[in-house]
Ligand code: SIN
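Coming up is one lone chain in structure tokens, specifically the form predicted on its own.
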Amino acid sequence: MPMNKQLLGGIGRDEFLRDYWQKRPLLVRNAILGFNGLIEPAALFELAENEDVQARLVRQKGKSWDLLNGPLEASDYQSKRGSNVWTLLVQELNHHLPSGEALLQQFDFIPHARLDDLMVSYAVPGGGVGPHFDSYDVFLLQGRGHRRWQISAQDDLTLIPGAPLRILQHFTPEQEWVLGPGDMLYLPPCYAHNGIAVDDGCMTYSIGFRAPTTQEIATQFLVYMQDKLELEGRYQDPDLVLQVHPAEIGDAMIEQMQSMIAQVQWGREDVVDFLGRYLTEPKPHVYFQPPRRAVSFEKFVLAAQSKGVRLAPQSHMLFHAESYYLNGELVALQGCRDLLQVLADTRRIDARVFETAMSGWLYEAYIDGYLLVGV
């Protein structure tokens, strides 16, 4: 997709990454001209009723909040406490709308490995999720209506104890703007912000990025290594000597165990393979729907040659050097590097460049629901 030069307010991609990314906020008026959102409210509410969709309803009364996880019903939007101020949050809109997937592609100046999802929030006047901070970068693109954003670079990120949301205990706004349709605000990680709907039907689209903690990465890497390890040997002590204290863990045992554990080693190739699988692994709630009436291999090839193919919205594909990963699996396909790279980068292969050498692997991906015919 060609770069929308206005998306960053006329700032070049390199300049944005150098001067703003994870450094300071950026407000862009008319980032996407004529943008009024991707989904109508009625369709959004219908999505929130689906048990396969991650939806949350935030209701507030004064300084108290409650959180209700989906699937939601119409009655959930009516508060029983005399207040009707609420916000609906729906995650992964890019999984449900082709236009949502296309919107994310406009942000491909950030590596796909960092991209999380597209969330949309719908709020009544005064609605919001309270002053908070995110541990990741976020672009806040306004659709319908208007939202007032207050931001602060404050160091105090103490949260209200016991609150169902991560709401800041103290928030002192330093800057404030009202964003209208097509306006966008970029915020680096840990930048305190508070968004308040100005009018009814206010809808904001959040492009979020993943930033796993060191603990999460280390834990998942150890799980990866556990599945990969094949260590030989067994503990043995033919020279065992009598101990004064039978309950004591002896030095000889400790030294032998230490040498056994020291056999667990890894290198760069292991890290690459781990990241390829880990970063493309679908989230636990994500599932793939195989085609209801799968066509034969021959018909699939003919359709791909005339219509092209594209990754399913839930699919995630990354690569490093000659290794390609799709949805947590290493792609078992030799050659075709250029087209695999095109598929990973653009999420599609046009009919005019389709190669039959890839047909077997593509057909398997189609049967698994990872791939769709037509671009």
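Numbers for residues come from their place in the sequence shown, where the first is 1. None of the values given here were measured: they were computed from a predicted structure.
Omitted here: the form predicted together with succinic acid. The next part is about that form.
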_Considering non-hydrogen atoms and a 4.5 Å limit, which listed residue (160, 279, 103, 129) is close to succinic acid in the predicted complex?_
129
_Just to confirm, with a 4.5 Å cut-off on non-hydrogen atoms, which of 183, 117, 273, 134 contacts succinic acid in the predicted complex?_
134
*asked:* Taking any heavy atom pair closer than or equal to 4.5 Å as contact, tell me whether residue 121 reaches succinic acid in the predicted complex.
replied: yes
*Do residue 86 and succinic acid share at least one heavy atom pair within 4.5 Å in the predicted complex?*
no
*May I ask you to check whether residue 94 falls inside a 4.5 Å heavy atom distance of succinic acid in the predicted complex?*
no
_Contact flag, residue 152 vs succinic acid in the predicted complex, heavy atom cut 4.5 Å_ = no
*Give a yes or no on whether every one of 147, 193 and 206 sits within 4.5 angstroms of succinic acid in the predicted complex by heavy atom.*
yes
*With succinic acid left out here, work out from 121 to 129, 265 to 273, 291 to 299, 231 to 239 which stretch has heavy atoms within 4.5 Å of it in the predicted complex.*
121 to 129
